[in-house]
Each structure stands twice: as structure tokens, then as C-alpha cells.
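Shown here is one chain on its own, the form predicted on its own, set out as C-alpha cells.
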Amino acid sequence: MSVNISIENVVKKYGSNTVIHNLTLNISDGELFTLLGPSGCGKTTLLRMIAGFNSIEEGTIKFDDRVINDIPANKRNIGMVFQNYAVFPHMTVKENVEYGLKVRKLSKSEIDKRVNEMLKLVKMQEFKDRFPEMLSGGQQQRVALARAIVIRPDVLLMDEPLSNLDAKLRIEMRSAIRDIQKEVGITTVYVTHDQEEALAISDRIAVIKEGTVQQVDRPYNIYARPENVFVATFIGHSNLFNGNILLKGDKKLIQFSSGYKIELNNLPPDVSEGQRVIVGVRPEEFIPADDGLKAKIKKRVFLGRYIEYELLFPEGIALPNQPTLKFSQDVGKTNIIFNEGDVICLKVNEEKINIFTENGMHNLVKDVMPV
């Protein structure tokens, strides 16, 4: 029912403008694989190339061993779910779900069997006789999902399917999509610009920037060990600091421009004395201490389980032009709450921080899994 998708050196151009640059990916059979990136990065264009809606200028796309470049969209056996639901307003839930099966001229008994199974799977059986106008946005999206899967496609493609839902519904539906996809076991390519959504549902994520893959990995690895500064700042928040490497015998240290030093045991052997680097520290990787990086609290925001502090560091310590510098404090693990205007010292968790080359293009920490 599902297939492996091989995308090999594909290029997409609109006139003289290249939007997909020699891109290669492999998506495993049954995997929920997410294309994640900012608006205009090419993720929907790539999805449409897989679907057959966009031409392929160079390279190949395969379903298992079958090259699909020149196969029309209606012959690729794909299911699609869009952000605007695209359910037929004049049809009931049951009629919407059975539509594709009727087009395929299945028997009535087979149609009824498949539709009933699918409505049960998406928890819409009690609404089967309702029209879309009587359903919530989340319910309509469940109908769209059922209609896409009931035809038993080789591949399920989902283009920003939750972007029209409110925050609470998005959380509910992303869980439902994950559960249903795993139940059916269908190879799924999911497009979103929402980092939290991608982290929550994906088996693996490809982070894309300007038509180029920046990193492919499991959600935790991408968050914990981003391949470059773009990934570090696009997935969650990272504070970026100027630093340089010091070599003391067999020890390797990172020195911040304030003079604060930490020893790291996960840097490669070919780093050099004085080498300039960028240090990436996520807000939760700061630890209040008696010494470390000195910062002033500019703003405090209570977020329930966490308190988020916006920080000001002395000039030259942090990289310029960052929107904010943040420290996140777990309320359940501390009895100390800081106030706006307080000056505090922050150590960093040496095991968690990331060290990037001076140009920000690569992570030097050894346990990174590059593309």
C-alpha cells in the first residue's frame, strides 16, 4: 500500500528563477516525513512535484523503483489533504469519503465496508449523514483525511493541513493525524512552516532554506544538534555568542568574549588555537550561578510551567542583530524568581550547547548527524 520515495538531484525552475536546487531526499516506506521551512523556501513546490502538479526540470522522483517524472498526477495513486479542507459542500460526510471509491467503480459492498472502516478510524461515524457546514474545522479536516486515505494510495501528501485551525484544534488534530497515519502505515509527506507541529508529529524532518536541504534527521536530533545556525535559530530559539577555541594540553576550551571559559570534550581533533566560533545556547541551557555570563533582565514573561526572561548582555558578547536573547526557567525546579532590572550570572550546560564555525554553516560538535 505504501512505497519508498527517492528524490534524486531534482531541480525546479520558473523561468530563470531556480526554486529547488539539485535536491536529494529518501523517504522510507511508512514514514511520516515533514518538509519544514519558512514561507517561500520551496517545500510546497517540492510536494507538488511529488504529486505531479509541477514539472521536474532535472533529476528523478521514484516510488520504489518506478520513475514517476512523466506519469500524470491522476495515475500516481496519491492521496492529498490541503489546508482549506476541499470537502464537497453539497455531499454528506459519507458521500465525501466514498467519492473516490465510486470513481474507481468499486462494488457497493466494498465501498460501504471501506467507508465504514475509515469513518471509524477518523472518529466520524456518528456524523456520516451531516453536511460539511454542520461540522467544525477539525471535523472537516478529518473528513478530508478519510477521503484521501480510503482509496488506499501509495503516498499521502499533506500541505499545511492545520494552518486554518485555531491553536487548540491544531494540537488535537496533529495528534489525530499522527495516530491515523501510524494505524494505516502509509508513506506520508507533510508540509508545514510550524516548527512545533513538525517536532510533534514527524518521524524525520527535512529543514529547507531557499530550495536547499539544510538538515535531515529525527526531531530530537535536529533540535539538540542543529547542523548550522539557520537550523538552530529556525527550530526553536538559540542565543548566539562570539567565542574562540583555546587548547590547553589535551583539553579543548571555549572562551566567550567576556572571558568566561568552559571545557568541552566533544569537539573534533582538528580545531585550532584561537579559532573563532559561534556558540549556540538555547534558553533552557542557561544555569543561574555565582559566575558565568553576566546579563541584565530586560523583561519577564510568565508562561505557566516556565518563566521566560529577555536578557541584555554587555556589548560584543552576543552576535549583533538577534531579535531577542532569552533565558527559560522551569518553575517546578527553582524557588528563585528574578525581576526585571536584576543583574544575574548564567553558566551554560556544556553537554547541550552547540559550537558552529565562524560563518555559521557547520556544527563542530562531533555527535551531529549531517545531511
Partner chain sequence: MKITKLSKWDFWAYVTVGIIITFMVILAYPTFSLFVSGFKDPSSGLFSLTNFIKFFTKKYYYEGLIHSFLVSISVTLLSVIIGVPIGYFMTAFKIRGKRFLDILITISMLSPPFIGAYSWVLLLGRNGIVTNFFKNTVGIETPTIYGFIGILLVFTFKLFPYIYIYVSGALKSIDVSLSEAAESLGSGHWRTVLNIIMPLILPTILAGALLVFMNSITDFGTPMLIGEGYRVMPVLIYSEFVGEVGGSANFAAAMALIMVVITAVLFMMQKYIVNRKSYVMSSLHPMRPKPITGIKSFMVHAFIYIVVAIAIIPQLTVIYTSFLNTKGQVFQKGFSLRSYITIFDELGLAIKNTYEFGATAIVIIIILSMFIAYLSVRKRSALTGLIDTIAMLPYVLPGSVLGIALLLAFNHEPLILSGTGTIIVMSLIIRRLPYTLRSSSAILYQISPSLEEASISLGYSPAKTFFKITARLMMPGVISGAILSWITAITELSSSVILYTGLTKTMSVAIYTEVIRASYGTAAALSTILTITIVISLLIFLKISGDKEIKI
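Take the two forms, superpose them, and find the largest set of C-alpha atoms that agree within 1.5 Å; that set is the rigid core. Computed from a predicted structure; not experimentally measured. Residue numbers count along the first chain shown, from 1.
Not pictured, yet referred to below: the form predicted together with its partner chain.
Worksheet item: Just one of D65, E340, E57, E315 has a heavy atom within 4.5 Å of its partner chain in the predicted complex. Which one?
Response: Spelling it out, the residue with a heavy atom inside the cut-off is E57.
Fill in: Option touching its partner chain, based on a heavy atom within 4.5 Å in the predicted complex, out of V87, V281, A295, A206
Among V87, V281, A295, A206, a heavy atom within 4.5 Å of its partner chain in the predicted complex occurs only for V87.
Worksheet item: Since the chain is shown here on its own, which stretch among 296-304, 256-264, 69-77, 225-233 would lie within 4.5 Å of its partner chain in the predicted complex, judged by heavy atoms?
Response: Answer to the contact question: 69-77.
Practice prompt. May I ask whether G274, R276 and K352 each come within 4.5 Å of its partner chain in the predicted complex, counting any non-hydrogen atom?
Written response: Looking in the predicted complex, the three residues G274, R276 and K352 all stay beyond 4.5 Å of its partner chain (heavy atoms).
Worksheet item: Is there any non-hydrogen atom of A289 lying within 4.5 Å of its partner chain in the predicted complex?
Response: Although its partner chain is absent here, A289 would stay clear of it in the predicted complex, with no heavy atoms inside 4.5 Å.
Worksheet item: Is F127 one of the residues lying within 4.5 Å of its partner chain in the predicted complex, judged by heavy atom distances?
Response: Taking the distances in the predicted complex, the answer for F127 is no, it never comes within 4.5 Å of its partner chain.
Fill in: G100, heavy atom within 4.5 angstroms of its partner chain in the predicted complex
Yes, G100 sits close enough to its partner chain in the predicted complex that at least one of its heavy atoms falls within 4.5 Å.
Worksheet item: Any chance K248 has a heavy atom within 4.5 Å of its partner chain in the predicted complex?
Response: Because no heavy atom of K248 falls inside 4.5 Å of its partner chain in the predicted complex, the answer is no.
Practice prompt. Please say whether, between the shown form and the other one, the C-alpha of L246 moves by 2 Å or more once the core is aligned.
Written response: The answer is no, as the C-alpha of L246 shifts between the shown form and the other one by less than 2 Å after core alignment.
Discussion item. For R104, does the CA position differ by 2 Å or more between the shown form and the other one when the superposition is done on the rigid core?
Written reply: Where the cores coincide, R104 still shows a C-alpha shift between the shown form and the other one that is 2 Å or more.
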